[in-house]
Ligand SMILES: NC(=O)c1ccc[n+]([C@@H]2O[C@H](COP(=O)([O-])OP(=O)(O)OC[C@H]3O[C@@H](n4cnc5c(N)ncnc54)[C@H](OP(=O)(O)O)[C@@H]3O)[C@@H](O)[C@H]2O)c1
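Presented as structure tokens, the chain that follows is alone, the form predicted on its own.
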Amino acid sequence: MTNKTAIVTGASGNLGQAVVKKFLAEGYRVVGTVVPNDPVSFDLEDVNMEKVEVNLLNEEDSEKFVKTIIDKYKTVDAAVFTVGGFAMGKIADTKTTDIQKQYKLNFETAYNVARPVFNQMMQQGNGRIFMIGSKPGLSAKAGKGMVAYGLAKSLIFRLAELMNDEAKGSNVVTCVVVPGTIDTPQNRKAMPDAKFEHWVTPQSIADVIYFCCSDEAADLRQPIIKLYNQS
């Protein structure tokens, strides 16, 4: 049996690691991206795990990365883009340079990989793409005080709509996963008095993403997946 291939960007992050481990456990071959000189140590000993340094802000480097994976493994069955970043700021405090920073971090890092992956999946006739949205990106009201972040994340939803529209009639589906507060060590430290049990774990997000790649979820189209728990 030939392993299916999954690309996971931001493989060293809390969510990235959970997604990598889930897909490996389910028998996938996983190619995970990390940034050059990544400060987070991520050395997973698994014969089906491949770690690659890629600057996802560079469109040419991102395309070369995807082409290398296609040349090596012939297909890309799933792609999960977890890279992103957060910033606070009301309109009065938000300049276009702030918006540009968030645009690059949250949109370009996804689009630079999504475009070549989407083109490959359209050629092979199947595949699943997952992008990480957010409540502020989904709703302007939820983005109050997070102007640059909310605007940048809102583009993820528009991109998914456009990709799903182009992919009509094929078995290529782009999903947007919208998590509530994710239970990470960083968030626990930042909000020590919160009810952690109300948050959503990286593992549960990874489980849902994998489920959406399974035969049982074959009928899902254009999904926005809200994983809030009680947060």
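A residue's number is simply how far along the shown sequence it sits, counting from 1. Keep in mind that this is a model prediction, so the values were computed, not measured.
The next section is about a form of this same protein that is not shown, the form predicted in complex with this ligand.
For a residue to qualify, one of its non-hydrogen atoms must sit within 4.5 Å of this ligand in the model of the complex; none of 5, 32 and 117 qualifies. Heavy atoms within 4.5 Å of this ligand in the model of the complex map, among the stretches 137-145, 102-110, 122-130, 68-76, onto 102-110 alone. Mapping the unseen interface onto this chain, residue 84 counts among the residues with a heavy atom inside 4.5 Å of this ligand in the model of the complex. In the model of the complex, this ligand sits within 4.5 Å of a heavy atom belonging to residue 57.
In the model of the complex, none of the heavy atoms of residue 192 sits within 4.5 Å of a heavy atom of this ligand. Interface membership of residue 181, defined by any non-hydrogen atom within 4.5 Å of this ligand in the model of the complex, is confirmed.
Taking a 4.5 Å heavy atom cutoff to this ligand in the model of the complex, the one contacting residue in 152-167 is 153.
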